[in-house]
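This document starts with one chain, in the form predicted on its own, laid out as structure tokens.
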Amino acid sequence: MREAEKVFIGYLAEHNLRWTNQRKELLHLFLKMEKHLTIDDFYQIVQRKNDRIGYATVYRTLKLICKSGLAREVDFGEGKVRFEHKYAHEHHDHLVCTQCGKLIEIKSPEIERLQNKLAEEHCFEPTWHKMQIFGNCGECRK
């Protein structure tokens, strides 16, 4: 968490933004969560810890965490944005259950090799990608 905190503090300093107690609290709380959280999900968690932190502060801080490179926004076709860790986390893709909303993170070197091979075959230089497969999880299919 120390390295991530340094990254965030550095980002704030570069952009002439203050490192406040609220931002520190929100950063530490977010880094402890290994979930794909919406702003509303995170706000509810924050409220249980510190009800003096407002929704706008949570929203703006999550956006700053993303801009600093510690997190990324993901969209699983639900009409809402979720946030997941990025910094010091291995690249992964997702399987998304369209019935219960379950998210399964997939790490596959074989898929990555195939994607790179396809890009190379087409003289294409990828800068980033995401793969999301939508369907029904085993529990929902029962």
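Heads up, when I say rigid core I mean the largest set of C-alphas that superpose within 1.5 Å between the two forms. The structure presented is a predicted model; accordingly, all values stated were derived computationally and were not measured. Each residue number is its position in the shown sequence, starting from 1.
Another form exists, predicted together with another copy of the chain; not displayed. Remarks below refer to it.
*Which single stretch, out of 26-34, 104-112, 59-67, 45-53, brings residue heavy atoms within 4.5 Å of another copy of the chain in the predicted complex?*
Only one stretch qualifies here: 104-112.
*asked:* Taking another copy of the chain as it sits in the predicted complex, is residue 7 in contact with it (heavy atom to heavy atom, 4.5 Å or less)?
replied: Close contact is absent here: in the predicted complex, residue 7 is far from another copy of the chain, nothing within 4.5 Å, heavy atoms only.
*Applying a 4.5 Å heavy atom distance criterion, does residue 95 contact another copy of the chain in the predicted complex?*
Within the cut-off, so yes.
*Any non-hydrogen atom of residue 16 within 4.5 angstroms of another copy of the chain in the predicted complex*: Residue-level check for residue 16: no, no contact with another copy of the chain.
*Would residue 22 sit within 4.5 Å of another copy of the chain in the predicted complex, counting heavy atoms only?*
Although another copy of the chain is absent here, residue 22 would stay clear of it in the predicted complex, with no heavy atoms inside 4.5 Å.
*Any residue of 116-142 with a heavy atom within 4.5 Å of another copy of the chain in the predicted complex counts; write them all down in order.*
Read in sequence order, the residues that approach another copy of the chain (within 4.5 Å, in the predicted complex) are 117, 118, 119, 122, 123, 124, 125, 126, 127, 128, 129, 130, 131, 132, 133, 134, 135, 136, 137, 138, 141.
_On a rigid core superposition, would residue 126 pass a 2 Å threshold for CA movement between the shown form and the other one?_
Superposed on the core, residue 126 moves its C-alpha 2 Å or more between the shown form and the other one.
*With the core lined up, does the C-alpha of residue 116 move 2 Å or more between the shown form and the other one?*
Yes, the C-alpha position differs by at least 2 Å between the shown form and the other one.
*Aligning on the rigid core, do we see the C-alpha of residue 107 shift 2 angstroms or more between the shown form and the other one?*
The answer is yes, as the C-alpha of residue 107 shifts between the shown form and the other one by 2 Å or more after core alignment.
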